[in-house]
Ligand code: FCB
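Only one chain is included here, represented as structure tokens and corresponding to the form predicted alone.
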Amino acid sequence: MIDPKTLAERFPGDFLFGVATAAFQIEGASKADGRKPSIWDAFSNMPGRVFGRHNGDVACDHYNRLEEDLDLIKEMGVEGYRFSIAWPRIIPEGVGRINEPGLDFYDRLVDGCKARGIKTFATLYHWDLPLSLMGDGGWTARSTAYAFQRYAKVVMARLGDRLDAVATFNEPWCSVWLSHLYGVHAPGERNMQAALHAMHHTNLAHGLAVEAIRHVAPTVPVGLVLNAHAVVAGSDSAEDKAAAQRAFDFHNGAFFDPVFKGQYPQSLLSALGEQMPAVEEGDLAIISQKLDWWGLNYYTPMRVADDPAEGAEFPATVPAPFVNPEKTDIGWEIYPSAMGDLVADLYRRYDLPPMYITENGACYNMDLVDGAVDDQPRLDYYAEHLAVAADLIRDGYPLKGYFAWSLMDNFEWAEGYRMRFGLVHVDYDTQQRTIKKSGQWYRDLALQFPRGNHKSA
């Protein structure tokens, strides 16, 4: 086991260690204080969508246990908390009336963090689109981008004076491809045309929100959190290498290119451009405004091979076999070096601002035994990936902080409550929180910071 103090020596003294959560996954109280349903409330209640028809009605009851959970974050020794704000609590119909009790909750959250010396990293969108907006087409409708701009403005007008950083979106890949093309996440579409509309309108919403944030709260660093895929060709064949490049353009380029280059990848436009919505005059300039930071969520590589089937839809790839037989309980290959390769590749391809690893962690479903959770494999996963993070800093990449996913076990989207990512175990019957072995290790690491050897930026 890597000693946390030894590992700490590898990071600059002002490196930020944090934990991350998302509103729908932990808050519960789905009908409290004026909140209206999100697309995930509807999706969870449809048979066959979420494991066991689990839903977010109670989740970790964080909405009602805010103070004790903020004490828990403080106890974890971390300096930063990354959380998301629930649009359906703030503007329950997506447009129209602002719901003050919803803003009050996040006031208490932010003030509670400040009182405990914890930096606040807010995400405006972590997938819980107000259900009412589906009447207009949800993310497939351009109007949703403008609704999001107003929502961003409302939140920042209220909280912007106290936030340390804000992200517009979390993992647009999921809310675009996983939700509108693969049908795994809400709203469960399986349609390339719908997905391409959602892609452009999400990118546009990001840009419009950046404008709104800078207008209302110009001192808050604004960024975007992307689950960039570490795309690896399944072999050295020319076909598989070409497939990997197509996969990169589709899974990464669809978001990185418009945001950081002001254009969509040519391969994507050539293959799918006719199915895209109109990219209006000025859209790409709005989308590509300079960001103050970006966040990477990384768990596992994406290995691809060429799909030789005639008429295979772009990017025309099939999954290639894992290289490491070791995988987490959700079935994801463990391959820490891919995280380092990915960051190096992205900085080669794009002019990127400083970064944070905004999510990294592992699913292991060990339960309580005699009041403790021995999740050594999760601890090992963290230690191995943090060693890669330290290598990136050594090699000169502007990595400023790391947020563990997740603070606590929670609603794992389509997997319901059967998959556990937490550093803290949650007993869903009693809502009892228990810090796992990995959580104690991470706390010992985080408690080393901030410390004396600050390296000037």
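All residue numbers are counted from 1 along the displayed sequence. Predicted model, so just to flag it, every value in this text is computed and none were measured.
Beyond what is shown, the protein has a form predicted in complex with the named molecule; the following relates to that form.
*Asks:* Wondering, does E415 line up within 4.5 Å of the named molecule in the model of the complex on heavy atoms?
*Replies:* Result no; E415 lies far from the named molecule in the model of the complex.
*Asks:* Verify the contact flag for S288: yes if a non-hydrogen atom of it lies within 4.5 Å of a non-hydrogen atom of the named molecule in the model of the complex, no if not.
*Replies:* No - in the model of the complex, heavy atoms of S288 and the named molecule never come within 4.5 Å of each other.
*Asks:* Spell out, yes or no, whether the shortest heavy atom distance between H126 and the named molecule in the model of the complex is within 4.5 Å.
*Replies:* Yes, contact at 4.5 Å.
*Asks:* Using 4.5 Å between non-hydrogen atoms, is F403 touching the named molecule in the model of the complex?
*Replies:* So F403 does not count as contacting the named molecule.
*Asks:* Given the stretches 92-100, 196-204, 238-246, 291-299, which is the single one in contact with the named molecule in the model of the complex, using a heavy atom cutoff of 4.5 Å?
*Replies:* Checking each option against the 4.5 Å cut-off leaves 291-299.
*Asks:* Counting non-hydrogen atoms within 4.5 angstroms of the named molecule in the model of the complex, say which of S179, N170, T317, T140 makes the cut.
*Replies:* Selected residue: N170.
*Asks:* Ok, D257, E359, D306, D375: which has a heavy atom sitting within 4.5 Å of the named molecule in the model of the complex?
*Replies:* Only one listed residue qualifies here, and that residue is E359.
*Asks:* Counting only heavy atoms and a 4.5 Å cut-off, does the named molecule in the model of the complex sit next to every one of Q25, W332 and F421?
*Replies:* Yes, all three are in contact.
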